[in-house]
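Just one chain is shown here, as structure tokens, and it is the form predicted alone.
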Amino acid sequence: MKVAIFDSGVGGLTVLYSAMKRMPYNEYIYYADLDNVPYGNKDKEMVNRLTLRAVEQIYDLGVNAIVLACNTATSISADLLRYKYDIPIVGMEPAVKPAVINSLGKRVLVLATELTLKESKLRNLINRLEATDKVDLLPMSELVDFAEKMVFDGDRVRTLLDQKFSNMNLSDYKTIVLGCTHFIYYKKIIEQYFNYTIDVIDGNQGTVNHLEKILQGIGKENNSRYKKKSVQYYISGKIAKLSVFEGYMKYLEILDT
């Protein structure tokens, strides 16, 4: 089975990491549009254009399914891509529903890029859950830039989080939703700000679960051909070496311990 995971940058590596743990015998393609990262501060037309171009290149590689490991790209382009292509397109969306269920009467904080927070898809989801009075939205696009530069901790990150959380009563919250795959690199730091009293959730596990069911449904699981984890990396359409992303994957292993 050949599965492609697409993101504007390195955030989608968190999805790749989870998918490889769950389904290690698939053949994976990781496509990062590093020439155009980040997507979260671009306008809708540009994000749509970049996503369509990337997915066209990925489709030509003969994949069986594509995961849009980018909340911004999903919110803007997923429906069009599903109409255009004859293979499963698996999208990401902020895990607001389980967060609201888990909130136990307290507030939910959704962290995402500006563009994801502006999109009607997220607003409609919150409205359907009748949770507009308990869900707060906070843009954190700066974390995307930090992640791309492998700045996972230190004064710059903590100064940003100090500023973002300075006017908030952190004790009001029960659950935080990481609405961007890049933000997962900062999960443990964010937990510190809330004295480890909150639940921090993301959409990765649900996405990987959905992907697994889809692959089972189309009957092309492969548990024997690829004895070792097989990944081919691409940067904006060009084959890339593992060394470009190796540090991120090792950091995810550390976070997983």
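Numbers follow the displayed sequence, beginning with 1. Everything numeric here is computed off the predicted structure, so don't read it as measured data.
There is another form of this protein, the form predicted in complex with D-glutamic acid (DGL), and it is not shown here; the text below is about that form.
Interface residue remark: G203 is not counted as part of the site for D-glutamic acid (DGL) in the predicted complex, having no heavy atom within 4.5 Å. Heavy atoms of V37 reach within 4.5 Å of D-glutamic acid (DGL) in the predicted complex, making it an interface residue.
Although the partner is absent from this view, T181 contacts D-glutamic acid (DGL) in the predicted complex, with a non-hydrogen atom inside 4.5 angstroms. Interface residue remark: S77 is not counted as part of the site for D-glutamic acid (DGL) in the predicted complex, having no heavy atom within 4.5 Å. Contact with D-glutamic acid (DGL) in the predicted complex, defined as any heavy atom within 4.5 Å, is confined among 206-214, 39-47, 193-201, 55-63 to 39-47. If you take 90-123 and check each residue for a heavy atom within 4.5 Å of D-glutamic acid (DGL) in the predicted complex, you get T113, T116, in sequence order.
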